[in-house]
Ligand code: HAM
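Next up: a single chain in structure tokens, the form predicted alone.
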């Protein structure tokens, strides 16, 4: 009987898996350049971690978490995002006391949200992100944004627009919240049930509502920029000036509030427009937070972070034909002609692998045509042919599958020859 995947999940196979690997390797390398170190947290956490940090009023906590009781009757949740776990780890391991500030970490791994599956959105998805914790300087905010921007550029995205907003400091938000309550109070009877809940718990969340009628009401709502304290305004202007200084194009978007309750000051999203001028929405996003560490029992430390969804990035790269080089590639395909040659063929394959070459060997007795077809499917650069004649002379026939040139090489000289061929290839690649 065939068992199917749970709804909203998918298998990542072949070229797609190679593409994920490429994207993740690049993200890690860029994070590394900026001085971030990897941190791995468990996939399951105490439910309270997310209700406290992500916030009771967020859609994630209200509707999307996978929560269950374990055998010890503890409430456990599959992480819906990774920032909260990183903060818990910083507090549990007292990194704020043993490491120089800021603590700069990156993470990569699966997260789970019970949401409606749609294009590029899955119930299990992979997130890459960074957190820089412990310094309040707006330069720290700018650096995280610049790191994200650099990573997207290196992946080949052309037209990136940074949408950015500020939610101000606590004082700015208190004043703004009062203004929003006053404004939305007059329109609440015409708004969706979710907005009624958000009105009570966190009126800023209403700005995020996706219901068309409510969007019209939101358009006329007061703007945060009218309620910013002088300090919050200066901090935001400093970030914008820094970005402009490094030629990063941005748009200030006052409706941007982000989906989590813990943000303050700068919030941002990276948007991508295709060559054809179609906007494909946000590729990644993040923001500044002030109370996350203290909420979880640590000292009052500010931080800034961003996250990218790997599935989302892959989907857009694929859609915009930016993933040309993730086909399978093999250096050598070893072809034994007849069963007698199998053992020698395997010995040669192992020697090539030992020297660091990706090598496949055919274990079946197949004709030339099939062998070359298989070599082609594997993206092989060279065929290593070995039959009775070759075995007697202790040599192989080496064929370049691109140029069709072939030479004979002694068993004993094969690795040296391989090194020569690939050194020449590397030279060509670099010119």
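Positions refer to the first chain, counted from 1. Note that this is a predicted model, so its numbers are computed, not measured.
The same protein also exists as the form predicted together with histidyl-adenosine monophosphate (HAM); that form is not shown, yet it is the one meant from here on.
**Q** Among 74, 223, 121, 181, which has any heavy atom within 4.5 Å of histidyl-adenosine monophosphate (HAM) in the predicted bound form?
**A** In short, 121.
**Q** Considering histidyl-adenosine monophosphate (HAM) in the predicted bound form, which of 287, 203, 102, 336 comes within 4.5 Å of it through any heavy atom?
**A** The residue from 287, 203, 102, 336 that makes the contact is 287.
**Q** Residues in which of 328-336, 81-89, 191-199, 207-215 have heavy atoms within 4.5 Å of histidyl-adenosine monophosphate (HAM) in the predicted bound form?
**A** The contacting stretch here is 81-89.
**Q** Quick check: do 125, 308 and 312 each get a heavy atom within 4.5 Å of histidyl-adenosine monophosphate (HAM) in the predicted bound form?
**A** The answer is yes: all three residues contact the partner (heavy atom, 4.5 Å cut-off).
**Q** Do residue 135 and histidyl-adenosine monophosphate (HAM) come within 4.5 Å of each other in the predicted bound form, heavy atoms counted?
**A** No - in the predicted bound form, heavy atoms of residue 135 and histidyl-adenosine monophosphate (HAM) never come within 4.5 Å of each other.
**Q** Just to confirm, residue 283 within 4.5 Å of histidyl-adenosine monophosphate (HAM) in the predicted bound form by heavy atoms?
**A** Close contact exists here: in the predicted bound form, residue 283 approaches histidyl-adenosine monophosphate (HAM) to within 4.5 Å, heavy atoms only.
**Q** Given that the partner is absent here, does residue 344 sit within 4.5 Å of histidyl-adenosine monophosphate (HAM) in the predicted bound form, heavy atoms only?
**A** Answer no; every heavy atom of residue 344 is more than 4.5 Å from histidyl-adenosine monophosphate (HAM) in the predicted bound form.
**Q** Using 4.5 Å between non-hydrogen atoms, is residue 115 touching histidyl-adenosine monophosphate (HAM) in the predicted bound form?
**A** Answer yes; at least one heavy atom of residue 115 falls within 4.5 Å of histidyl-adenosine monophosphate (HAM) in the predicted bound form.
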